[in-house]
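One chain is shown next in structure tokens, namely the form predicted on its own.
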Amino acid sequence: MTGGNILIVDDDPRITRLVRRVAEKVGFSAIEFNDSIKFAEAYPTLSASLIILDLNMPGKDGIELLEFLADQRCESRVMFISGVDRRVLGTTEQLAESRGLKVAGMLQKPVDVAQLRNLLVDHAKTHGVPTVDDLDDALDSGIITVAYQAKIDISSGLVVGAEALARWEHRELGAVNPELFVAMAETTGRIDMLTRVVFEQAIQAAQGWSAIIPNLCVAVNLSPQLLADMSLPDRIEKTMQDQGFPAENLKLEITERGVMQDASRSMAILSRIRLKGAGLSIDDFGTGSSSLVQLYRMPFGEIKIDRSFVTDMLKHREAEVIVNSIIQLGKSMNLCVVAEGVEDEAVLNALRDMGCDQAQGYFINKPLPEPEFSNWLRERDWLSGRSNENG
């Protein structure tokens, strides 16, 4: 298990809240657990680079959880926190290391915030996790760039659009995982700025594509947090007007889980966006627990099947059934169905047989920065014969 998450396990909510706030300021996203048994149940589905673990808890105590993590072959580093004396903490550290766990440090209660922050900063540097200050610098200096991955019409093979994907090449750490820095932006109040940076670059790029393929659509991801802002549709419209970009060539992608966090408000904001002419796509479909009635009421024109199902559809019957069911659901609701994560021709052919409309994935092209994507478009357009079709 690796990643930018921190898991905090302590039966005192005040401690978990404190640790989470410090962790988020350093640049991590954090998940709190005040119940050791619930943590153990959830652990196999989680990803984290660090687990901060209290030793004194009801249910399963810290030593029992230590044994549990060892049995799970935990790759995350573990930091112990407790009000017990240092000798017990030292013994616990030796036990953890003897069981193959990597210890990131020890904290005594009451928690010294400065010590905690220093330990987290050290962990971030060791594991290539940037800080919030790094993100601010990247946003201010234009280091955040955008890569583009094409979407094709499966029946004709023609390119019909591209998804804009944020990229960050850190000066010292190299490429930063997008899931990490997007989560960091969401938890530190910088998601609006990050989205604006991506949005403006994507529109500028799409305007350049018009000379290669007219009316090519560009898709930009929207964080669920932005669906709480009723001014969002107006700001999107103003940016398009300022850059002279046709609204019908813009598509906004929102995850299934994100839409359902506040379905009523999301419906209002998304409806206003649709009224302004932009398209809407529900992303990662099949991974949430939304009501089909609510989805029916939302103004979407497109469903994107989550890549986890598409990748496994030729290996596992269950995944194939889910993919086919979503395709049929989309067709019955007059929605365009897009399959993400298409990595080979066999999967593409199977999707074609199922009647899927569009596809996206590494088999078609890996995400490319400008101008590489424009060059790829020119080559693809020529190979497809579209230039001949257009005279």
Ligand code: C2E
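Each residue number is its position in the shown sequence, starting from 1. What you see is a predicted model; the values in this text were computed from it and never measured.
The next section is about a form of this same protein that is not shown, the form predicted together with the named molecule.
For the candidate spot formed by Gln201, Leu232 and Arg274, no residue has a non-hydrogen atom within 4.5 angstroms of the named molecule in the model of the complex. Of the candidate stretches 321-329, 355-363, 32-40, 64-72, only 355-363 has residues whose heavy atoms lie within 4.5 Å of the named molecule in the model of the complex. Of the residues Val182, Ile81, Leu252, Val129, just one reaches the named molecule in the model of the complex with a heavy atom at 4.5 Å or closer; this is Val182. Checking Val159, Met313, Leu222, Ile154 against the named molecule in the model of the complex, a heavy atom within 4.5 Å turns up for just one residue: Leu222.
In the model of the complex, at least one heavy atom of Glu340 sits within 4.5 Å of the named molecule.
Looking at Arg190, you'd find every heavy atom of it more than 4.5 angstroms from the named molecule in the model of the complex. At the 4.5 Å threshold, heavy atoms of Arg77 stay clear of the named molecule in the model of the complex, well away from it. Using a 4.5 Å cutoff between non-hydrogen atoms, Glu302 does not count as a contact of the named molecule in the model of the complex. Annotation for 306-337: the only interface residue with the named molecule in the model of the complex is Arg307 [heavy atom within 4.5 Å].
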